[in-house]
Structures are given as structure tokens and as C-alpha cells.
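Coming up is one lone chain in C-alpha cells, specifically the form predicted alone.
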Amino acid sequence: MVNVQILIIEILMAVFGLGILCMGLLVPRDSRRGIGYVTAVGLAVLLILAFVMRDASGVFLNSYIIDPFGNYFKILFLAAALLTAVCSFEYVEKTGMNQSEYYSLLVLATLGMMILSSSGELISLYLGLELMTITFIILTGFHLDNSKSAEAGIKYLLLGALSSAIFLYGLSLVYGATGSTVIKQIGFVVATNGASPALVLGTIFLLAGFAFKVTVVPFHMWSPDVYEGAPTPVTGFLSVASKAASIAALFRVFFVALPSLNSFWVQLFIVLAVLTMVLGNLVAIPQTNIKRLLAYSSISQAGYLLLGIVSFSVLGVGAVMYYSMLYVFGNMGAFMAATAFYNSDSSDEIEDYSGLAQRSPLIAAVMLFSLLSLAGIPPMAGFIGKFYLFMSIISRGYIWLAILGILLSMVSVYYYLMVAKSMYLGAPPEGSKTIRVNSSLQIAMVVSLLILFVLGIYPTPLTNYAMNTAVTFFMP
């Protein structure tokens, strides 16, 4: 008998996503705003259920793994999806998007991430990756009346198809070299027979496919244009949740299937981490559009996350898990503030943020402290996250890499504070009015801000949860 109960969250997500799509056919057009609230409530219930089931474990058909590691990331995805749904209420209505299709795709993208993070077999992993990618392609081009959104959708489609082809070719090479698509069995075969040239080449192709999803240099070329053109709530969701899902799948493939090759792929990750941190931080400096600035910021954050992979240790995995969770609230906080400003002024240019603190102290405060958290400034939660990441690589002897990361974090403070300078020291435009933010978005922004402060001052509960989960990940 197959225990289907362990898949209850995935089953409910699939039913919920399809149900929202059907609601668009049944609910009158003038009442469809309620679909967003239904989505938020449903995601909140599923988030609570995922937290209750955080210690559940089991294997479905030898290919789908339910364990604390995957459950941790499910909580992360649902939290990001919930914040995105709340962030989208006014934005979707203002831009005239189809409510049911938008929220349905949001839920199905989250389902794809869950499948990606829990797959213990390469084919199911690829299916989860494609479900996530295809839904995001549609979401990035969802603003039909905006040429930038259409351009973003096309670019993501073309480059996403290319990366998927590279990834699939890598999977085929790994299968050909090992004779199995089950991740654990691949690990046994590689440990027993060693690495063949085909397996090494397949590993490089897999790394390239994952690097595209995580926005690692030089596979980042799509992100600035896609982030700028996509609907702002979608950009926030894409920047945090899809990155975390790809990191979770990357851990399963490289740490479980290919640990015997760590001396090879760790060197590749070091090169990619250095390039990503350097380019992401330096190219962010001249940006004048807030979404492009956050895009390059997201690229640099991917470089910091790679440090945990370089360490190849329990501390590194736990640090990545901890940082990924607080990154959701830090980055989504910035994007929620950007969405609230766009809802009022229909602009993403940083110069238009001039005097924002006088027009909306809440939006300015959320944007400021979210950026400070991303920069790793205490007492924000980002400081603790980066501390653990740097400690993980120092413990492995890569002191120079930690020093480089710290120096580049100082560079990020400069371009983050340029936004703060515009908001707090600039004068508001003539005739500008006070910005009103709907109550649901206000609550979401305040909650995200409080979480960043609480985790910065008292990180112990999340730290223990992440580190204990990382320990279970290394258990046979």
C-alpha cells in the first residue's frame, strides 16, 4: 500500500490551484476581487498545515521524499506565496489582470517548487522544475498592456527553454553514466565505480541548469530585464521562492548523488560565487530603476548562498536554509514597498522615490530596513544570516572568500543607502499627495518588518530549526 497521506499538502495545492481557476468561470466579473482573498486564506491554511507537518517523513514510490528538509522549504514557499498574494490585491485590480488565472498560476508555481525541493529522482525533479518555470513564464508576461512585460515573458521563455535543454541533457548524461535516475542510487554507483568523463560532463551541465534558475553569473543575463518587466509582485516571488527551490534541489543532487565529486564541483562553485558577488554588487551601483537594482541585488545574494554550498558541511546547509528564510521577508518587504509605491505613482524609478518618507513613512521605513537586512546590517536578521554563511566557509579554510564577501557586503550598503537618501533627504515632487496603502498590504509589510527585527535580535528558534533540519538532511 502506498501512503498517499504524506502527499496531502501537494494534493491540496493542486486541487486549490485548479479550484481557483474554475472560480473565474463561476464568479461574476465585478466580484472577482474576492478570489485574491480566497487565495490568501487558502495559502495561510496550507502554511499552518505545513508547519504542523514539518517533522513528517516518508518516501513515495521511491522517487518523492517527504522529510524535514523538504518540509522546511515548503514552509518557505508558502510564506513567500502568501506575501505575494497579499501584495497583489490592489496591483492586479489596478492593472486589469485576470484574477483567477493570476492567482491560480501563483499557486501552481508554488506546487512546482514543492515538487522540485522534494524530488528524490531526476525525472520528477525535472517535471517540478518545468512546472515552476512554465508558470513563471506566463506570470512574467501577464501584464498584457505593458510592452516591458511582454518582452520579459519572451526573454524568459527563450532563455528558460535553453537552460531546460541544457539541464535535461545533463540529466541524460548522468543517467547514461550511472544507469539510474534515483538520486541515492546514483550516489552509490558513483561512490563504487568512480567518475567517468560522461558523468563529469553531465555534472557541468546540471550545474549550468541550476545556475540559470539561481541567477548565478554568467547565467544571470535574463534576470534584470525580466525583473524589470514582470509585474512587481511576481518579480518579488520569482526572486526569492524560485531561487530557494533551485537551491534545495541543488543540495539533493550534489550532496546526495555527487558527494564523491565534491573536490571537483566545489571549485566550480567557488568561481561562480566570486563572479556572482562581484558583478551583482558592482553593477547594482549605477542602476536608476528600483526593480533592476533589486535584480542585481538578488544576483549578489545568490553568490552569498553559494558560500554554504562551497562549505559542503552541516553548518553550510543550515546557514543557507536560515538565510533563505529571512531572505523571503527581506526581499519581499522591499518588493511590497515598491508595489505600494507603484500602485500610487505607476513608477519604478528611484528618482521618483524622492521625499517618500514625507508621503508615506511606512513604505519608506519598510524599504529602508528591508534593504539594510539584505546588506547584513545589525540588528536586522540579514546580519545573522551572513554571519553563519561566512562562518561556514571559514570553518573549511576559505578565509579569503569570507573576507571578499564581507567587503562586497560593504559595497552593497552604498547603493542601498542611495535609495534611502532619495527617500529621506530628497524633496517630494510638487503636487504630490500622501500615498495610501490598503490595510492588507500594510499588515503584510509590518509583519515582514517585525520578523526581520525579531530574527535579528532573537534568532535562536529559527537557527535551531534550520540547523537541526540540516543535520537530518545528512542522515542516511
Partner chain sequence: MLSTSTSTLVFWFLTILIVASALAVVLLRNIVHSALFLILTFVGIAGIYILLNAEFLAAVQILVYAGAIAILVVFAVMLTRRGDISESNLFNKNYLAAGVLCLALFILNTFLIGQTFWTIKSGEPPLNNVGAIADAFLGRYVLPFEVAAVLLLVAMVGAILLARGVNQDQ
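Residue numbers count along the first chain shown, from 1. Predicted model only: the values in this text are computed from it and were never measured.
In what follows, reference is made to the form predicted in complex with the partner chain, a form of this protein that is not presented.
This chain is displayed alone, yet in the predicted bound form one of 171, 105, 326, 79 has a heavy atom within 4.5 Å of the partner chain; that residue is 105. Checking 467, 21, 12, 454 for any heavy atom within 4.5 Å of the partner chain in the predicted bound form turns up a single hit: 21.
Note on the interface: of 299-307, 122-130, 373-381, 391-399, the segment with non-hydrogen atoms within 4.5 angstroms of the partner chain in the predicted bound form is 122-130.
Heavy atoms of no residue among 236, 242 and 414 are located within 4.5 Å of the partner chain in the predicted bound form.
Residue contact check for residue 151: none of its heavy atoms lie within 4.5 Å of the partner chain in the predicted bound form. Contact annotation for residue 351: none of its heavy atoms lies within 4.5 Å of the partner chain in the predicted bound form. Contact check for residue 224: no non-hydrogen atom falls within 4.5 Å of the partner chain in the predicted bound form.
The closest heavy atom approach of residue 315 to the partner chain in the predicted bound form falls outside 4.5 Å. Using a 4.5 Å cut-off on any heavy atom, the residues of 130-147 that reach the partner chain in the predicted bound form are, in sequence order, 130, 131, 134, 135, 138, 141, 142, 144, 145.
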